[in-house]
Every structure is written in C-alpha cells, then in structure tokens.
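Shown next as structure tokens: one chain only, the form predicted alone.
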C-alpha cells in the first residue's frame, strides 16, 4: 500500500529540487562537495553528479524522482561503510541526518530512521532494558548492516539482524513511499532481507528488540607462538557451544602506532573473542578451561552491561584505508589452521594483513528456514574475514592477490559462499551471486525487474533486473 502518492508535478531542474526539499543539494564545484562525497573507506573516490543530504523521506522521494527525469542512477549512503560501487555520475543520497529512534517498550521494538548508527539505537534500547542485534561496531549504519544480513555478538542466540525486521519504509524507483512487510509488498520484504539496497531506498525500519542487559564477554590474547594449539582448542571448544555463546578466533598483527597500547604495539597474537548472554556464572565457567590450560597474555573477559558490547571487538572508529574480504569455511581443519598461521603471521618483514578472524555462526542463524528471506549461507558455520591496509593502488592490488592466494590454499574447506557484509568494492560487486542460493538469486532478479526495471539502484549489490 502506497503511503505517499506520486505528485503530479515533476522536479525538472536542480533549482526545482532545491526548492522542494528540506535538505541540501550539492553539486561539483560547491565548496562542500569534496567532503560530502567521502565514504568511511578513504580509498573510495566517487564523483556524484548530485549529492542530496536528505532530512526526510519526502526529500529522498524527490531525489529519486529527479534521478528518473535526468536518467541517473541512485546511490545511498548513511555512514559510508561497505561501499560496493562508487556513486560516479549518480544522485548520491546522504542519509546521515535522518537519525530518529523510537523505542516501544511494550512491543519490544525499535523504529530506526534510515541514517541511524547502531550506537544511538543501542543507547535508547538499553535505557529500556532491551538490546538490538547490532554488530561489533556502534558506528556502523543500522539499515545497511541489516540489509546484508547482520551478524553480531548475539547472533547464535537471536539470529541475524535481518531476521528481526518487522517492516521497512521504502522509497521505490518511481518515487513512492511504501511499506514492505509480511503483509504489504511481501515480495519486496523478502528480497530486502539479505538482498541489500538494490530495490529501493530504506528510509526507516522497525526491528525486534531482546531482553539483554548484562552479558559476559571480551577477548583473551595468547602469544602467536602457540597459535596452532589455541586454534585446535577453539575448534574443540565450539563443538558443543551453547547458543548463548557467540565467539571468534583471530590472528592479529598490531601495527606499531601510538594508538595501540605499548605492550601490544608491533606484536602478533592469537585472540579468542566472544560474548555469552546467559548467566554470568555460566559464562565464567565456559572460559575457565582456557585459563586452566594457559594464562593468556591478557584476559579482558568480564561481566558488563550490553551497552559496552563494542569493547569485545574494539573496531576502529575513524575512517580508514583498509580493505576487507571474506569466505565461508566448511570446517576448521588442521591444514586450514596451518595455512592461516603461515600466511597471516609475519615471518620476514611486515605482515601483509592486519588480522584474519573466523566467527562461529550456527545456532539461531541456522534454525531459520532458508526460504524465509533472501539471506543465504545459513548452513555454513565458519566465516573468515581478512583485513589489510591499502593506502596505494599498488598495495591494494598486492593485498587482493595475497588474499586470493590464501583462498586458493583453503579451497578444500571452502563452501563457495561469501558473507557480503565483509566484502567491499569490485569484489563485492563481482561476487554478489555467491551470497545466495541459485534459486534465491534468480528470484531476486525478478523482484528487481518489478520494483526497479531501469536499475536505478545499481550501486548496492549486483542484482540486475531479469529480462522478460
């Protein structure tokens, strides 16, 4: 059901567009153009034809109608994380000023406007004794994270963020505002949950919240010299892990920079991270075998309010020049462990990667029917993410080649799937299909043809409209 009828007038010029919206219109040559076109990843160098800093859903609708008249693509950016394609010669809609959050305590839901970061949702929800299914960083945009799946530190207990969406508010390619839910535009609702922003602009969503307040979580750091033993113990540890425990193991090469604590600076470690959302005493009992086996260099596991969940990962807060890639693993074999240790930890000279992390999925994620929404790879339990710094094009090429080498060596344990939220740029675009079951991808292209036949929203995932 359309909530906002398409008006009879047409926005035909930039001056018309400026006069019809509350937000700001920026074009090349304007003083603030270069700042406005930046993404969180500083390697993204995009040159939109028009930038619209929207303040409302009505602003977004006007920007989309303008793109239709001028035959331009439409790109959307909240925080600028996870850019797939630069918004060159497009209308770039910046959502960062659309940050309303409303908590319904009785229904345990949150209404989240399109440009909101997870940190604001977390703060509002925790004040009501509730928790959203955010990721490891509170500075990531809630909507973009959710559209690609959304696997955070509560995932094994409560599932992916995408599974907890009640409805979306969407501006479609023809400039209408519609609801997408299980009861309205249900095909669109199905596709948006995992299929990314390829079908419209999400100006808001309602998500389910959960009664999580105090948790037990953190990080244990062990010397890199015992990495093989730690990986082996981790493999055994997660074999019978309760759903209340979401965890990861990673190889970390801390850079020699002042922002890193001195005892970590320039050193390499193997880290066991996680969060237990059951009773604190049970969480303490879960990690005690680790402490009995070997005292870590540092043990940061502790009871804490869920509002401090970002301390588990301590993700960077400032824009970076990093690059991320990812694959799903079928198992954590001895050979796979040896490959990661050999390729990630430094041997001669500086390391090529900052870190490689394997997150253990399963639990509630795998219990959702594979046909419930577009999100794929539910039967895979181990997702590997590798991140490195790429300040120059040459370093970026070398990093891509090196991680491709690692993937080739891991081929025997790869599922062939990818977790699209951990990919960026050209790889994210070229490998979109690998995020879905074949029949799911085919269905997504049909939904694309229905809601965006001209492929205006071609800067998110690579889902072209199927040709009839």
Ligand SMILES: Cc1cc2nc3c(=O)[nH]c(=O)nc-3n(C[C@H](O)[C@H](O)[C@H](O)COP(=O)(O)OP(=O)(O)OC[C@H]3O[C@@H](n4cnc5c(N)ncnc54)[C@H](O)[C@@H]3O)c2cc1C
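Not measured: the values here are computed from a predicted model. Numbering follows the first chain given and starts at 1.
In what follows, reference is made to the form predicted in complex with the ligand, a form of this protein that is not presented.
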For this session: Identify, from the list 396, 157, 179, 81, the residue with a heavy atom within 4.5 Å of the ligand in the predicted bound form.
Result: 81
Problem set entry | Partner-contacting position among 276, 269, 145, 323 - heavy atom within 4.5 Å of the ligand in the predicted bound form | 145
Problem set entry | Interface segment, criterion being heavy atoms within 4.5 Å of the ligand in the predicted bound form, picked from 432 to 440, 397 to 405, 415 to 423, 49 to 57 | 415 to 423
Problem set entry | Every residue of 95, 135 and 460 near the ligand in the predicted bound form, heavy atom within 4.5 Å | yes
Exercise. If you check in the predicted bound form, is residue 315 within 4.5 Å of the ligand, heavy atoms only?
Worked result: yes
Exercise. Going by a heavy atom distance of 4.5 Å, is residue 428 a contact of the ligand in the predicted bound form?
Worked result: yes
Problem set entry | Close approach of residue 77 to the ligand in the predicted bound form, 4.5 Å, heavy atom | yes
For this session: Answer yes if any heavy atom of residue 191 is within 4.5 Å of a heavy atom of the ligand in the predicted bound form; otherwise answer no.
Result: no
Problem set entry | Stretch 169 to 202 - residues with a heavy atom within 4.5 Å of the ligand in the predicted bound form | 197, 200, 201, 202
